[in-house]
Structure formats: structure tokens, C-alpha cells
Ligand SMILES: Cc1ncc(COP(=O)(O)O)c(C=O)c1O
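Given as C-alpha cells, the chain that follows is alone and in the form predicted alone.
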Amino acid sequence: MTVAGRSASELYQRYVNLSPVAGVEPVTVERGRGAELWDVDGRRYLDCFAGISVVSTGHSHPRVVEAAREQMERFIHCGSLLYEVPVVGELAARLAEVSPGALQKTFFSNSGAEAVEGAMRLARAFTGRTEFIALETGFHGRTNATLAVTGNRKRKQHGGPYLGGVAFAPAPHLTRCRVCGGACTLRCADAVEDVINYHTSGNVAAFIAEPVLGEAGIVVPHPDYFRRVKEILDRHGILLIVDEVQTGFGRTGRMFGIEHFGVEPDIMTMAKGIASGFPLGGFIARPEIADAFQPGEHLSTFGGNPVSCAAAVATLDVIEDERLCENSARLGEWLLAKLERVAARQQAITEVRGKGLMVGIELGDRGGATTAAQQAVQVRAACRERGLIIGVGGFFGNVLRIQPPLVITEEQLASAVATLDEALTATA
């Protein structure tokens, strides 16, 4: 495909600012359907990364496309906070129905980072406090405020100074917790109280965390971690903000990742899988918290765009009707078992972990973290050459990420596992 006689690759190199990107995959995408993509030459790829865990209902799901088309034929934009738009109200009501606990009122944004930053502002407005606690290795976006609560210097370099008044608690790694000395004993959860007492001024508005730490390498906390932390937060009058941008809408086998931990958040952020690829985010809170904003304190021109909201309503319908949460849970258990068998054969793999169809495969560091990261990039390339798209992440860049559309089949996943096994052997 060319534009004005030039290829997409040439246009990208000449006109798209790629300086912040480690490298664009050499795939010129022409179309997608379900869990598959095709390039301009007609080559098919099995997509096990879903646009960074976004297209949960698959590429161009017919019901989502039709819902967006119908809304576009009515109107595209009018300002959803200036006028009442039926589909926006419908989506907000649906989100209240599926969200945990008493979460009820949603403020819509365009992205996950905007949702997190808005949630932070709401926490300050409600509590009258100014400080935050976040997790080491946690990731919440790339704006100034969201990078302030991101516990990864590699994401923050060349960007400061950041928002002050942020302290960090230890990352709750289930099997290699640095605070617990190996397998997690919840000392890392108890350490949150130490952070409050020793690293803040006692003016903490909220604690923010992902239920499963995505950019950290798909790190799953101890089943009782959030329950213990919530007890500490409640004693100190601190809100719990759960960042479900990556874990929401069936990704972990439940509608929202925090449901695995039996805890009700005070504020919850959403994006990525909310609208099957249409730009949309939001944060939902209990009514008394949501109403803490005063007129003029927060706004978004494009937030709650009617076309995106129509796609989101259709997305919720598809998740429910096609039982995608159940599919994610079932196939996630199947996938972890299959990958454990691969790990038994592949010496490079040190751990397989995840929830639902959010799975990380950590490569070992016998040659050092740099060597493992290099192999991860090589494995991703070897998979791509064999028609499989996966992601790479983790603090050291040594974790292979498997996060496919939730409509993927067992047969397709079996093909992905076989291809991954082959790629690991080829790059050993």
C-alpha cells in the first residue's frame, strides 16, 4: 500500500515521530478479524498482543463496528459534558452494573493516563489531602502526574521534575518478593503501613495499584495482598484507587482484576478493553466521592465521545453474550499449564505467571538481565517471522507477554504455544 506513491514504511520513517519508540514491528497492517491480522502482502498473523491488550472482542467485531457506524450516522461529537447524550448515559449505567461494590458514577476521558490523572485529582478533592502511595515497578501512564506514581525510572528519565508527595511501597511479587525473602508472606503488604509512617507526612489521599502489574512483567500479587492493604488504608482514612486500565473487561478471567482479591476499591480507572479499540477511558467512584469535584475543576472536550461510547456498550454486550470472561479464565488456565510444559523443556524460561489471558513468560538472567532482554526481543522477532505477534515487557525487558483478544480459540492458542516453543529453541 502506498500514499502518494510512497510506502507506509517510508512515510513512517519520514513523518511519524518514532524517537520514543524502541522499534516499530516491520508489519504493515491492512486488516484484522477476530484474533488475526493480515499485512498488505496478504500474510496472516495470529495476534497474541491485541494492540497492547486492547481489542478484547477481537479485531473489527461486527457488533462493535455496527454500533459505531449507527452512532456516526446520527452524530459524532457534541460535547458529552455540555449536552445529555443517550448512549453516554447508557454506558455509565452499564459500568455501574458491572463494577465491583458501590462504584456508580463515571467520568469519561480519552485514555488510561487521563483516567488515572483524573482519579488522582478526585482523590485529592474528596480527602483534602495531597500525597499518594504507589508500587515499585507499577505503571500508570505517561503524563506528568501518572509518571509521578510510576515506579520505574526507565519510563521517567528525561521527564522530571514530577509531581511531589509520592512514596513507593514494595512490589508484591508472589514467588520472588524482595521484602518477604522469596515466596510472599504478606510482609510487603504490611510494609505499606511503614511507608505511610516513615515516607509521607501523613497527608496521603490514596494508594494506587494495578491488580496485576502489567508493564512490570505480569506480576500477580498474593491472593490476600489487597485485603491486607485495604485494612491498613482504612485505618488511616486513605482511599484505594485500582488501576484497571489493562486488567479490566475480562482480561484476567473476571470483569475486573480486583474481583480476584475480594476487595472493593474507592475509585477505579478503566480504558484499553473498554471499547474494543475506540479511544475511551474513565474513572468510576462511589457517589459521595464522585461528587467532591466542584464545577470547573475537571473537564474533557472529547471525553465520552458518543461513537466510542456506542462501541463500549456493544463491547459489554459481546463480553456478556459470548461469555468472554469465562473464556479468558478457562483458556488462561489451559495456557498456563501448556506453558509450564514448555518451560520444563526450555532452560531460558525462569517463570510463567498470569491471570486469565494476561500471561507473562520470564526469561532467565544467567547471562545477566541484558542478555535475557536481548533474547526476549529475538524471540519476539522469531515469532513474528513465523506468523505470531507477541509483546515484550518487564522492568528488565525480559518478559514475553501473551495477551490475545478474548475471542481467541483453544486451537489458535495451541498454535501460538507451538510457535513460541519453536522460537525459543531457535534463539536459545
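Here the structure is a predicted model, which means the values were calculated and not measured. Note that residue numbering begins at 1 and tracks the sequence as displayed.
The same protein also exists as the form predicted in complex with this ligand; that form is not shown, yet it is the one meant from here on.
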Options 284-292, 163-171, 70-78, 207-215; stretch whose heavy atom lies within 4.5 Å of this ligand in the predicted complex: 207-215
In the predicted complex, the one of N152, S111, T350, S300 near this ligand [non-hydrogen atom within 4.5 angstroms]: S111
Candidate from S308, S99, T137, Q246 lying within 4.5 Å of this ligand in the predicted complex - any heavy atom: Q246
is_contact(R251, this ligand) in the predicted complex, heavy atom dist at most 4.5 Å: no
Partner proximity in the predicted complex: G141 to this ligand, non-hydrogen atom cutoff 4.5 Å: yes
Heavy atom within 4.5 Å of this ligand in the predicted complex - qualifying residues of 253-290: K272
